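Subsequent text provides structure tokens for two forms of one protein chain, presented individually as structure 1 and structure 2.
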Structure 1
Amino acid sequence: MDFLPIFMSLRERRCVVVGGGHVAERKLALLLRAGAKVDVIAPALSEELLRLAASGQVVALRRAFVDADVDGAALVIAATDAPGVNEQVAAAAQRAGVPVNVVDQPEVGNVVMPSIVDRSPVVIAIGTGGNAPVLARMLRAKLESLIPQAYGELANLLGALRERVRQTVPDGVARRRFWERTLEGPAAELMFAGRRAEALANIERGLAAVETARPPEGEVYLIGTGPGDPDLLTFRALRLMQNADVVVYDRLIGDTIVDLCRRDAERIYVGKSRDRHALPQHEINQLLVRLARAGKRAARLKGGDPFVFGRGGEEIEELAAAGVAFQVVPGITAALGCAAYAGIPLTHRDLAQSCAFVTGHHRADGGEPDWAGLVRPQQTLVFYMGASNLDTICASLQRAGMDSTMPAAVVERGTTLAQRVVSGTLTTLPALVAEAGCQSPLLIIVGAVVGLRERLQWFEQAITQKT
């Protein structure tokens, strides 16, 4: 990110606003709401600024800005309609080590003022790095309609109880779960209905129950995260990712998805690729058992769907044998997601009445697919984990009787902005993929439906139009 979002305390601290018009008025109003002492500097001031000065709410200096005006300030805002003056203010502030915001010139200053949803003490700041203030305001409007004013009162109530809860529930994990249960239960709804006394009584009962409760039990969430695009995550997946104390993930899980997990959750990388494992599968299984027995809620993130070549069955077998509680969250498997984003329908009334998902990674004992059984009329084949065996797959299908001109495609990093699709035939595809330098993760699709891609592709076109 280009800017680190920080909430700054300005109460009783001196701030400087340079500018005397309506823009300066808006910025000054925010500073006053934050409890700042504000100097307003400009040769001419608006009627509203003069009124605030006359009432003693601000100090008005009706003159041109000088560099010394920034000395001792906690924050400086340049809000004039003269770019040269704004640049002078920014330069002076940065020399003095004072944070400075320059309205409509974010590249000149080092602070960007966000759009704000104020439910004090709950405050939500929305920023676009200064690139699209109107978009930030639109997002703010959406949030304003979703977040009741009572959230501020709820936060004040919880703050008043915070120290008591900390002493009653010293274990950090148990304490967080207590707060989660409180916020997801009747207490929050009672506060939203304006029934503060009843909400407090409900929390008191919950706190009393915690004192006699057993230590928290662990659980494992086996979560399918889809083929790569974070927008394809399910609501349930997101909720459990936010609940997890520990996140266990591998190389198929992109940073954009891992970052959607709770920020303070422990992260354990168990990356696996062909013949290279950060942790072998049996050790991953044992790790999940250990985490749950330690009272942790562990999110095991799986690319695609856990039960489609994801070895999810092996992991929950071990959990079940150990008596560990678990949940399984299905995800959009790579075959469905990548084919859709590549513009290749896996079934089609005229071209394909069935579809088979096949592993393209042959076992060390020589076990191979039933090639002859896969060569059927009007059937689409999707091969997972076949990057290193593409030549063998195409040759084996032809030997089993599939027409050498059968359309075939490789989808690399499907559903992501890095998606590439290489299409050809069983005969030409291996050379085309080698020339393009495609690498894992990729998916191989074979069947007449691949011939529809030229007309039906949409994702790459959408990316091109956006860029």
Structure 2
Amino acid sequence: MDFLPIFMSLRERRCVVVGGGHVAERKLALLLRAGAKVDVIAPALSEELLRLAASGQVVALRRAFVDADVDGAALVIAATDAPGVNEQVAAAAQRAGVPVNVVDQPEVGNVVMPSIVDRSPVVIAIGTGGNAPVLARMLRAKLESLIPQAYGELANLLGALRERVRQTVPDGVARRRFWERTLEGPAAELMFAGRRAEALANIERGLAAVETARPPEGEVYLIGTGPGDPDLLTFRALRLMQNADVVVYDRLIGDTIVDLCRRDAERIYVGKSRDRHALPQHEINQLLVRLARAGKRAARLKGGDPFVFGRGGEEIEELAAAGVAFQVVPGITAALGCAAYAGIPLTHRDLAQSCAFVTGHHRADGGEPDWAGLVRPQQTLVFYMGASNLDTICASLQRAGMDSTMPAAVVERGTTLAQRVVSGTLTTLPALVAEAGCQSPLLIIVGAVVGLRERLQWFEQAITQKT
């Protein structure tokens, strides 16, 4: 992050705008909206600026800028069309320790002005660090159309009730629930429809009900977050991630996905770290029960789908036994995500009538898959967790009768920008993958459909294409 977004109070504070044209007018208008007292400085001023000065809304100084003009100012904006003057203003302000924005030369000052969506007191600021103002404006247009005009009034209403709600519902978690329930209920819609009195009555009723309610009960959301690309989350996953008080996640979940959880949700990492083993499964199960019993809404994030090689079943078995409420949110499993992003249809009218998901992680106690049972005509096989067993898998399939020229591919870090695909045949694949240095997480896909990739790949370029 190159700039820290903050909201600055300028009410009754002296600000300086250097420049006398339209750009200066625009910036000045913003400062006035924020209640600032503005000096505008330029040898020549536009009619509008003169009018504002005549009506006493700004102080106009019709002369060239001098360094001392920045002294004691809360914010300086350089808005002239002379880069040399703008630079002089920026240098003077920075020497005096005053924040300065230089219009159209963001790198010269130290403050950039965001695009804003104004539903005061709700204000959304969009910045691109000065890199792409047009992008910020496009985003702003989208938000303008999404956010009802009455948002500001809604915020004012909530603000007026805030102290009373704080007294009635002293517990922080319970209070947040109350507000969430209120805003998800009819009150917000009533406000948007301009029916303020009814909205207020609705909130009052809710508040009266809280006083007699039992303490909130916790819940666990077992959420499949897909194979990596955050765009593949479901709406429901995102909604519950935003709802959760605490997030429990492990190694396969990328930061971009964890960051989509509510900002102030507590984060508990249960995966392997350098100095620590992963938390054993039974401890994770107990942790979830404990969190829910403490009244928390816990989001347990799982890569892919929670019920496909995700041990999600074990986690909720314990919850069910403990009588804890839970929901399961399906996710896009690695096989589906990797196949789509690699251009390999898992079934095909002519080539594959079935598809099996198989674990490639064979237990030490001899639990190998039934190889002969897997070798069936027109069936696609997808192996999860097979990174260290690729040789065995390819050899065992051939021993069980699969054609050694059967197309096979490895998809490494599928659906992410780091995705790599190596394809070959049962005979050639292990050496090609070793050469490319592919590592877990990777998926092995075996079957005639792998050959379609040559025509259907769209997401990245092939690394190796030998059949």
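Just so it is clear, the model here is predicted, and its values are computed rather than measured. Between two forms, the rigid core is defined as the largest C-alpha subset superposing within 1.5 Å. Start at 1 and count along the sequence of structure 1; that gives the residue numbers used here.
In this comparison, the chain shown as structure 2 is the form predicted together with S-adenosyl-L-homocysteine.
Once the rigid core is overlaid between structure 1 and structure 2, residue 236 does not reach a Cα shift of 2 Å, moving by less than that. Once both forms are overlaid on the rigid core, the distance between the two CA positions of residue 389 between structure 1 and structure 2 is 2 angstroms or more.
Once the rigid core is used as the reference frame, the Cα position of residue 12 differs between structure 1 and structure 2 by less than 2 Å.
For residue 427, the CA shift between structure 1 and structure 2 after superposing the rigid core equals 3.8 Å.
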